[in-house]
Each structure stands twice: as structure tokens, then as C-alpha cells.
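Coming up, as C-alpha cells: structure 1 and structure 2, two forms of one and the same protein chain.
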Structure 1
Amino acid sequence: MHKVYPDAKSALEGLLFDGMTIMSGGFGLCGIPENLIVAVRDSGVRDLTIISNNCGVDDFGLGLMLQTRQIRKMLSSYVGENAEFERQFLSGELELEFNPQGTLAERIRAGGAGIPAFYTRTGYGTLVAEGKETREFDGEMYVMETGLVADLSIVKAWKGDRSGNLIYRKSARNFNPMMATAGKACVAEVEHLVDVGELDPDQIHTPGIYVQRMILGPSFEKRIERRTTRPRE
């Protein structure tokens, strides 16, 4: 099993093509695969459909690929942090499909688990239910949502071993575990790469079966979106 690649560029080699769908982990700027995003941008691949809860900020994260017009469509729940996003969307250059955050998370989980569709109460009677099948269960109305898969998923973990087992840290876990399961290929970047056997099997969040390739990130900016503090007493 040779999953570890020397850098992000080589880890993505042969996996990228124009018009593909990529899932990218993270919530806001927290837990995003920042090194892999830069490598996807640098590859020049175009007409991408990106599935990600948010779209970074103008100069960090997925926002970098907006600047280069590589994204054609976004599936997200919230995109409020990005001026270039707004400009491209309003001018019609960028397509956008909003999903309620929990529906997005569950669609990805379902996709990775081989579940083609499920019913949820979320969004019943709203715009997001328009054109979708609805059904009553025990007197309550539900909306049918489909599972999501992607050609590639890129995720960020705190620690990984060479067989692809991953452990996330604090709230940087977010969408990463589901996305790791729902890509035809998953590439992970980790802050700490350890040998097989060094991780406690009880503590592993993503079993290595889901991860085909991985890199030790050369550096992590881990930018903070809203720095909030309290005064020391």
C-alpha cells in the first residue's frame, strides 16, 4: 500500500479533469485542505462543480479558484464571506445550488454509504423542496433528497498514518469524514504523518479504506475567519 505522496501536485496526478465534481472538506476556513486546494488551482483544471459547505474567502481556500474562474458550479449551504463569489454569481458566471447544511451533510454521508436517497423534514414547504418528491410518514411531511458522490474528495485531517487512517481535531472535523467516503478517490492532507500502528485504533475517525492518497502538508496557515476573544480578568 503506497498511499503517501511527496507533495500535493503528485498526489493529484491523474485524478483531475475538466468538468469534474470535487468535494472539499471544511467549515468556513476551519479544517479545509488548504494545500490540496492550491494544487488543484495550480493544475489549471476547469469547469469544476465544487461541493463544499462554504467557498472560502477572496484570497484563501476555495476563493482562490474563483479568482481563476475554475469553478462553474457550487453546492453549498452558506457563501456569505466572499465578494468575488457574489460578483460572479450576480453576473451569471457561477451557478449555485443551496442545500440546507444538514441536508448537504446527510446527502454526502448517504452518497458514501451507497444510499441513493432519503427523506427529511428539512425544507418541507420551502423553496428547497420545489420539484422534489414529498411523502407522508406517520402524519408528517418529508422531502426526498438524493445522495451525493464526487469524482474526487479532498480532506484535511490532523493526524494520519501511512495506511490512510485519519484523526481530526476539534471542530476541524466538520464535513471531512463524510466527504472522505463519498469521492471515487479521496486525497487527504495531514498535519502529522505517523507510521502504521502508531494511532490508537479506538480513536480513528476515518478508516484508511476511504483514503487512496495522502500527503503531509508542508505548511498550514490555518487562517482564522473571525478572531473573537475576551479580556483577561
Structure 2
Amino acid sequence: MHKVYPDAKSALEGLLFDGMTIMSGGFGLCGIPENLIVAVRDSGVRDLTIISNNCGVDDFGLGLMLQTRQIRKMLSSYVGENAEFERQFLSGELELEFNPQGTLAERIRAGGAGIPAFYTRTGYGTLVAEGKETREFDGEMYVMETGLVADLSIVKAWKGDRSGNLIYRKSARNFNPMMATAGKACVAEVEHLVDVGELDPDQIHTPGIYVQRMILGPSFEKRIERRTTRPRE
């Protein structure tokens, strides 16, 4: 099966439609599928539900699609670095479903594993638990959370082979592996594309069976979301 496409636009062809749900890998700006995000924006697809830990920054990453009003709803854990996100949410233009970070990760993992729901102690007795089923186990109260799946997952890897096997680099692994399993289709962009057999099987994080299409990213900015340094003496 031919999985490698010449560019992000062609890799997304036939997969995008208005009103769809997209999972987008990354944590802050680390490990985000930069080129695929731009291609989704340029496609003009609208009314999107985006599942991602955060929504980039005002002029980069998923924040680009906030500028063009293509996102209707976000399922996120942290949104503190994006002024436009705040403005749209407070004005009622953007729906938001907040998730504790570990809960969001487990909801995605569960969706990819075919687990429809699970119980967690996180959030019990808070706004997070409102309207959700609760249950007692061994004297402790738990909240039921549902697994998450998407019409499309877009992920970023450090290295991949032509069969779609992926290796992520250090902290850029973050949400990418679990999101790759939880989309009805997965498109990956990689920094290095190698032939089948060149990757050590013991080092592969995402098996190629989960990846339908992939591209060799033409460039990566790899911005730092918030640079924190101490003054030199």
C-alpha cells in the first residue's frame, strides 16, 4: 500500500469535510504537525471539533485556525498561551470542553484501544464531574469518562519508514502515539523518511498499521512556546 504523499495537501485530499473531528498531536508547540495544520487551514474546511492538549499560540500551530474561525469546539487541557482563544471563548464564539491532562490522555488512549469508557478519581466533586456518572470502588468515588475517537488524526514524528512505522524524539512523543491509534484515519508528517527495514523494530513507537498516509515535512520551525531564562551574572 502506497502511504507516502508528495505534500500535506495531497495527503489530506478526500479526508477533510465540514463538521469533522480532528485529533492533533503535540504539547504546547512541541511535536505538533506544523505542515499538516497549515494544510488543514488552507483547505478552508470549517465547523471543526479539535482534540488537542492546547490550541497553539496566536500566530502558530492550531492558533492559525482560530484566526480563520474554522474551529467550532476544542477539547483541551491547557489553553493559557493563546489570547485569541480566550477572546473567542469568553465571547461565546468557541465551545470548550476542559479535561484534566491525564484524563484527556487516557480518553484518547481508550478510544484507540476500543474501550468505550473508564472510571477515574480525577475531577470527582468538581465541575469536571457535572452531568457524568459516578460510582464507588473500595470506598473511593470515581467519575466515568468516555473514550475519544476522531475522523482524522494528524501527528508529527521524528523518523518514519515507507510502511508508516514511526519513531518520536524525546518529549515530542507526548500525545502523538495515542492519537495515531484513535483516528479513523491517521496522517503523519516526519522529519526523516527511510526505507522499510532501516528502523530498529524495538525502537518503533507507532506501528505502521495505524498510519494510512504520511509526508516528509519540507520544513519545521519548532518554535518555543515560552522561553524562560535566568539573567547572566
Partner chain sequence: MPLTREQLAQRAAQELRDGYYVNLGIGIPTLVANYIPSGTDVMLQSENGMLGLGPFPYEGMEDPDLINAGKQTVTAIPGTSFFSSADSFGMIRGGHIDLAILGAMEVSEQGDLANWMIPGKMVKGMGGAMDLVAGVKRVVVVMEHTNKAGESKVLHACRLPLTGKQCVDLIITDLCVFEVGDSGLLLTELAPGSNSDEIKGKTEARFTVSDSLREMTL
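Shifts are known only where both forms have a C-alpha. Heads up, when I say rigid core I mean the largest set of C-alphas that superpose within 1.5 Å between the two forms. Fair warning: this is a prediction, and the values are worked out from it, not measured in the lab. Throughout, residue numbering runs from 1 along the sequence of structure 1.
Between the two displayed forms of this chain, it is structure 2 that matches the form predicted alone. The shift recorded for the CA atom of R227 between structures 1 and 2 is 2.4 Å, with superposition on the rigid core. Core aligned; the single run of 3 or more residues with all CA shifts at 2 Å or more between structures 1 and 2 is 226-233.
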